[in-house]
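One chain comes next, on its own, written out as structure tokens in the form predicted alone.
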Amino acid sequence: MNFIKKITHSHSEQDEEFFLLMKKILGYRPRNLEFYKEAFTHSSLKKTNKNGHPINYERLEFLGDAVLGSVIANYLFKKMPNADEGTLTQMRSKIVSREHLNELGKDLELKKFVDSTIPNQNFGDNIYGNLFEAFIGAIHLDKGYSFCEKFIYRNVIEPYVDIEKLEGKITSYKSLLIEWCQKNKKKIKYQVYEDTGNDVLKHFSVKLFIDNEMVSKGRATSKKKAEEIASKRAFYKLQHLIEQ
């Protein structure tokens, strides 16, 4: 236990417990626990450092997004020697899509570590992806790029990345529908309106019309996500026509 205290520079039982949890996920001992604490600190706490700068996971999220994109780009560059720039970009987008990052964050159960004034049940699914990127940023600061790369290979690439499956995966149902409608001279329209209902978080509802006929609906905590949900439902409803 004394060794753990020396590593974390803290004598609190809470820090020791957090240290062991991080060690279990990472597969190695964290050097500076403060990076990982910051990766799970929500802006609602309004924490600041001695210089008055905010302490929350948003800056680490930015860093983690860049590092993750770099590692994935390097992997695809080597794995797909015949792919052009457009294909490589599209494949990277599929791997680091918000939906996929949310799944990764859920698998690691990252939400249970978040420190916030907001109850956990009030967060949308995107909190998982945000925390995952922030966690990658913390690893990069704590152990450097090579350790970060190993973590991404072990937790993202090896268990989840299947090139053949990803090549056939649809990344944006909205883009696909718009392209199909333009090709077939059909008019597509998204009618978006705020829908708070009884929820604590603001929601948006969407009605999707094709040639003035309502085809589907979607509801989510952002307009973009609600439109994508409505688009996905419309795609499966019209799939027999779209794939002709």
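Computed from a prediction, not measured in an experiment: that's the story for all the values here. One-based numbering along the sequence shown.
The form predicted in complex with another copy of the chain exists for this protein as well; it is not shown, and the discussion that follows is about that form.
Within 4.5 Å of some heavy atom of another copy of the chain in the model of the complex lies at least one heavy atom of G69. Contact annotation: R59 falls within 4.5 Å of another copy of the chain in the model of the complex, judged by heavy atom distances.
Though the partner is left out of this view, T117 does not reach within 4.5 Å of another copy of the chain in the model of the complex, counting heavy atoms only. The closest non-hydrogen atom of K183 lies beyond 4.5 Å of another copy of the chain in the model of the complex.
Interface residue among L108, I157, M80, I170 relative to another copy of the chain in the model of the complex, by the heavy atom within 4.5 Å criterion: M80. From the list 170-178, 157-165, 88-96, 109-117, the contact stretch for another copy of the chain in the model of the complex under a 4.5 Å heavy atom rule is 88-96. If you check another copy of the chain in the model of the complex, you find a heavy atom from every one of H53, A73 and L141 within 4.5 Å.
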